[in-house]
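Single chain ahead, written as structure tokens, the form predicted alone.
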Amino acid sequence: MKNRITDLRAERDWTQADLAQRISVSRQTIIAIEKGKFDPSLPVAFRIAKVFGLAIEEVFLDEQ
């Protein structure tokens, strides 16, 4: 699943560790999600969207 997490973090000058801490996951989890190697669970996806103040659909993009 494609996502805009890297761009959204950069807009806020957040590191991967900053985001990880804000949503209570490991930095390695953020790295894997950003690279598309791991699709987050629904609760994690909601936390990511919420921390950016966006809807899930604005963070995670349908690849079709």
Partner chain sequence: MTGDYRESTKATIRLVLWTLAWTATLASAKFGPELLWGSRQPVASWAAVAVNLAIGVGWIVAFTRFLQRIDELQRKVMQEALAISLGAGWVGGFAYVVADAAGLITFDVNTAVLPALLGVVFVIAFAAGMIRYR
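Positions refer to the first chain, counted from 1. Since the model is a prediction, treat every value here as computed from it, not as a measurement.
There is another form of this protein, the form predicted together with the partner chain, and it is not shown here; the text below is about that form.
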If we define contact as a non-hydrogen atom of the residue within 4.5 angstroms of the partner, is residue 54 a contact of the partner chain in the predicted bound form?
no
Is there any non-hydrogen atom of residue 49 lying within 4.5 Å of the partner chain in the predicted bound form?
no
Given that the partner chain is not shown alongside this chain, does residue 41 nevertheless sit within 4.5 Å of it in the predicted bound form, heavy atom to heavy atom?
yes
Contact test in the predicted bound form: residue 24 vs the partner chain, heavy atoms, 4.5 Å
yes
